[in-house]
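Just one chain is shown here, as structure tokens, and it is the form predicted on its own.
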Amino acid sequence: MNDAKGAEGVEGVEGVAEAEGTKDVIKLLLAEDQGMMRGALALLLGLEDDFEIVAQLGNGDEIVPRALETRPDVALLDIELPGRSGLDAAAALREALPECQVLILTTFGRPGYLRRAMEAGAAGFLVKDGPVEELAVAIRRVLAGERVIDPGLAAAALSAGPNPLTQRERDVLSAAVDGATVADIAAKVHLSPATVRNYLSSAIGKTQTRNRMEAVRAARQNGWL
């Protein structure tokens, strides 16, 4: 009888140890337009015992549909994607799948992007030049309800101040990115040419530039578009 009790005790200890060693799998969606970068990130993150890459995407328009299909715990989004930007997708994910945490990964550490990411509901914002070990830690932190932001970028965002451009000014400048004429811009944003000129003039003044193309460049460099 003592032997039986001893065996039960050993089995009980082994069961506890096995349960303690079990980790919940964290499902990840990865959106990155550069195939080599996307593949490398997926490979490195896949080495973590508790990570599972459930979707790899190269186009922003695919993010929400695939997220609804695969139900990731964390979505890792680049900002500049074909189709919908990572920032726009982050806002859409917050509405469509609020339990999914969004972590923005970008080459462009611009203060304006950080502000827009936070407004879109992102839980984290990191630049891509950090080690993958830090990214793995950040994923677990955002899933635990923390907010993770690159320290240097956070300081730059505080010193840079808010985006000075109104939504309409951003719309007009975005429509002017490819060197479109005033008439083309007016058609895209459904405004009169005179109103477009007024918004362009205001944006040029706020960006302290000489023309609309310089205003576009300045706004993009600051992450305002």
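A residue's number is simply how far along the shown sequence it sits, counting from 1. So that the term is clear: the rigid core is the largest set of C-alpha atoms that superpose within 1.5 Å between two forms. No experiment lies behind these values; they were computed from the predicted model shown.
Keep in mind that the form predicted in complex with a further copy of the same chain is not shown, yet the notes after this line are about it.
### Query
Since exactly one of A187, M37, V54, L68 fits, which has a heavy atom within 4.5 Å of a further copy of the same chain in the model of the complex?
Flagged contact: M37.
### Task
Heavy atom within 4.5 Å of a further copy of the same chain in the model of the complex: which of L28, A31, V196, A176 fits that? Just give me the one.
Comparing distances to a further copy of the same chain in the model of the complex, the residue within 4.5 Å is A176.
### Query
Heavy atoms within 4.5 Å of a further copy of the same chain in the model of the complex: which of the stretches 110-118, 128-136, 85-93, 142-150 has them?
Contact criterion met by 128-136 only.
### Message
Can you tell me whether L105 touches a further copy of the same chain? I mean in the model of the complex, with a 4.5 angstroms heavy atom cut-off.
### Response
Looking in the model of the complex, residue contacts with a further copy of the same chain include L105, since a heavy atom lies within 4.5 Å.
### Message
R217 versus a further copy of the same chain, in the model of the complex: is there a non-hydrogen atom within 4.5 Å?
### Response
R217 belongs to the contact set for a further copy of the same chain.
### Query
Does L191 make contact with a further copy of the same chain in the model of the complex, using a 4.5 Å heavy atom cut-off?
It does not: once a further copy of the same chain is placed as it appears in the model of the complex, L191 has no heavy atom within 4.5 Å of it.
### Query
Does Q167 reach a further copy of the same chain in the model of the complex if we count a contact as any heavy atom within 4.5 Å?
Flag for Q167 set to no.
### Task
Determine, after fitting the two forms on their core, whether A31 shows a C-alpha shift of 2 Å or more between the shown form and the other one.
Not so; A31 is displaced by less than 2 Å.
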